[in-house]
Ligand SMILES: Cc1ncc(COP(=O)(O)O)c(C=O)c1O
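Take a look at this one chain, the form predicted on its own, written out in structure tokens.
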């Protein structure tokens, strides 16, 4: 794999963090928006937990350092610092899918005049499935009450359309902070404020923003937010997801109740009636996933050390640099940009449209470059500010130029093309 030098890498304050990650051999990895790489701190935290299990067995719940019983709360405190969220407003208890079920079960009101739940037409499938399933469980027809904001001709969401959608019998909205396909960053403050004005409870799916886009939840104040932790937070495949609940709802009973949502001081009294924990902790369900939490605890130490503001600055520079390379080196190759250009309108990845994007992705992977493909024509490129280099961007574009010099059609994935 060619390695060029780049002057921006020489002055990059985040460059030392690259050495803290396990990089795939002979590959340039641009798929951190799907799965972040393993860092040494996450690995060590898992090994430490395994050793505690080996030595302490059941007593690890109280004697491990940190003790397992309060580990969820410790990691929630880390996330509160990273997302500038009020104390006790974040918890972790499973996947984003489970969290969305919990948010709906807790915040949805039976209001005969407003039953609709608003999503976007490009919503991630799990969001659509959960909302449809929840409406059905309430005896409501998703065809009538699952409402959608359509993307425009460029495949982008317009805030004006979202605001218009908030007034049509809607009582909840589930929307992406960053659209997973195009990488478009929405105007979260404007939409959140408008939702509050219309008494619409809003939940942001922040899976593609947490860890790469600064989110000040104390200022933004949505009703809820959910996110996975295996993308830019590098928590590992299937790592426990995060969930935020605004303090105004901390006295609500959890829509889905579980033993670990109990007040920690009373949990082992085994009372017949749930006495909920303070804050978002009441939304926890079953026993915490200790090994997953351990990895996340380690990876969040790296995120905190780097600082999300610095991660954002480098991320914007890298995706901007990639855009400019496409313009300069591949002006007539059929590429168009799906991601908005303005810094305040894009998340952490650059999405490129091309009619042969699928084949191009396969060829690139065969040659040691790892981007991501989404139907029908999107090549998603996600350099991580923690471990990607500007030189990697140069090498990536150089390889695409080489591929197009060999074949402009890309329909033939013969051995001569991929070797």
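Positions refer to the first chain, counted from 1. This one's a predicted model, so the numbers in the text were calculated from it and none came from an experiment.
Form predicted in complex with the named molecule: not shown, discussed below.
- Contact with the named molecule in the model of the complex, judged by any heavy atom within 4.5 Å, is made by just one of 333, 267, 126, 88: 126.
- For the residues 315, 102, 207, 284, the 4.5 Å heavy atom test against the named molecule in the model of the complex is passed only by 207.
- Not displayed here, the named molecule is approached by residue 96 to within 4.5 Å at the level of heavy atoms in the model of the complex.
- Shown alone here, residue 346 lies farther than 4.5 Å from the named molecule in the model of the complex, counting heavy atoms only.
- Although the partner is absent here, residue 201 is not a contact residue: none of its heavy atoms lies within 4.5 angstroms of the named molecule in the model of the complex.
- For residue 228, a non-hydrogen atom is located within 4.5 Å of the named molecule in the model of the complex, even though that partner is not displayed.
- Only one of 137 to 145, 228 to 236, 258 to 266, 164 to 172 places residue heavy atoms within 4.5 angstroms of the named molecule in the model of the complex, namely 228 to 236.
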